[in-house]
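Only one chain is given next, in structure tokens, and it is the form predicted on its own.
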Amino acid sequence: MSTHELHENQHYIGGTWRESQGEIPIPVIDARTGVIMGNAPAGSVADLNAAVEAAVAAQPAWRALTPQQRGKHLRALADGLDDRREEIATVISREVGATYSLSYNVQAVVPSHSLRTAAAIAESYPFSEEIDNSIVVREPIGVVGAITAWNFPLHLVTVKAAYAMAAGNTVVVKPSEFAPLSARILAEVAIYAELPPGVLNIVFGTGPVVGEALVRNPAVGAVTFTGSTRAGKRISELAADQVKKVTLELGGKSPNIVLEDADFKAAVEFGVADCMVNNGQRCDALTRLLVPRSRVAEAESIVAAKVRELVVGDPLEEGVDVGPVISDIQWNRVQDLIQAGIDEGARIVVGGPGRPSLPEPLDSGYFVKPTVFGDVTPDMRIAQEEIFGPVLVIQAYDSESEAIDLANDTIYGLHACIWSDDEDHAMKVAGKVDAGLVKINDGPLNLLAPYGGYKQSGLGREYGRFGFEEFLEVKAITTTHNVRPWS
């Protein structure tokens, strides 16, 4: 397996590389410098349809394998990704701007974890149960279409593909055109690991062409998507025409609620650190810091000190905390929202518009000053819109009930964090917050627990058993007498 094989105008279809029938390849930009670092195909509808045909052809044989046999293939993929961890981390740091530490320890590690976890769940999962005179069985959907975002590019591909394949489905993936190169590595690993042809197919290209064709294709039984709420609504509209199952993991505007009885300094510093992970390019980032009004000045002092300690620079260099955002489009969007905050009356505590001062060639990269706003009211754009950059807003509350109201006062409901020295107290507050994931203090993310959102943060769940079941149909087989469990 060559680590230098670029396949710049090829898709991975039916277990092999196929020349794209699309137009000129799409350039992939190094976020650190703004310079082209590679290319990926601008796939066509014909490319997508060929991939779906390959997935349809492969699905019966893949479904017929035992969970243990499918698990063996998934573990081989995981081993292959582990062998290329350094390469994956470097590529993602350049494409996305993530620090190398994050890319190595998270971006390049979680994908193999998803593959192994999905395999283990399938091997122990009860695919049938007896209910009175019925057997209820769970069966694969068939062909699953996966459309993914750019911020955690390989993770988002594998967390969907792993669970779908483990459940007996075949998969067609449309990775983000802004960060496609790690998906190319996954295809190389799949060939090397001898994954059966057609079980996993990867078609590169844009959402309006390849993504929409994937959703529209009648042979695709379900679509799983991670990205913006706007794009998720479009996918839902297209899928509704065929009453097609859709799983959506969308935007967020997540609150970090610091209660009166919390370890205040630890809570505030945690909020800053969480907001800046992946340079703020996370749908579940804690981008709103909710603190008692009497302690706003203290919070701002802690925040300003913490932000000024952050090192902004080349994400491949050791000791860097914040790298660039992914593109000029994203940089301009973040700048627009920073300016909107200023125009609407919010006060900059630290940071602000423009680029930080960096040497060549980083002065051409998409770097944003880590920025914090005070005096933020719920009606402001920066309190309501997902910024997807290193920008934190501080909101003051006068009572616990007001804090809960502020936390829930957005169209989103993906993630929240509640800080209190009394865990029982925090649990009661958690029950009143509209979010699919609520952390108490600095509890770590559990990759076996369900992940997904309330309201316009999405539909369905990923990770663990709940994510696995998203890729199964439920069938009730009823007879006139009691039956034995399905074998």
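Here the structure is a predicted model, which means the values were calculated and not measured. Throughout, we count residues from 1 along the sequence that is shown.
Here the subject shifts to the form predicted together with ligand NAD, a form of this protein not shown in this document.
By the 4.5 Å heavy atom rule, the three marked residues 275, 335 and 368 all fail to count as contacting ligand NAD in the predicted bound form.
This chain is displayed without ligand NAD, yet in the predicted bound form the stretch 148-156 from 254-262, 99-107, 316-324, 148-156 comes within 4.5 Å of it by heavy atoms. Though ligand NAD is absent from this view, in the predicted bound form it lies within 4.5 Å of a heavy atom of just one residue from 341, 227, 198, 180, which is 227. Of the candidates 222, 235, 78, 407, 235 is the one whose heavy atoms come within 4.5 Å of ligand NAD in the predicted bound form; the others do not.
With a 4.5 Å cutoff on heavy atoms, residue 212 counts as touching ligand NAD in the predicted bound form. At least one heavy atom of residue 414 is located within 4.5 Å of ligand NAD in the predicted bound form. Although the partner is absent from this view, residue 390 stays clear of ligand NAD in the predicted bound form, with no non-hydrogen atom inside 4.5 angstroms.
The closest non-hydrogen atom of residue 419 lies beyond 4.5 Å of ligand NAD in the predicted bound form. Looking at 168-203, the residues that come within 4.5 Å of ligand NAD in the predicted bound form, counting any heavy atom, are 174, 175, 176, 177.
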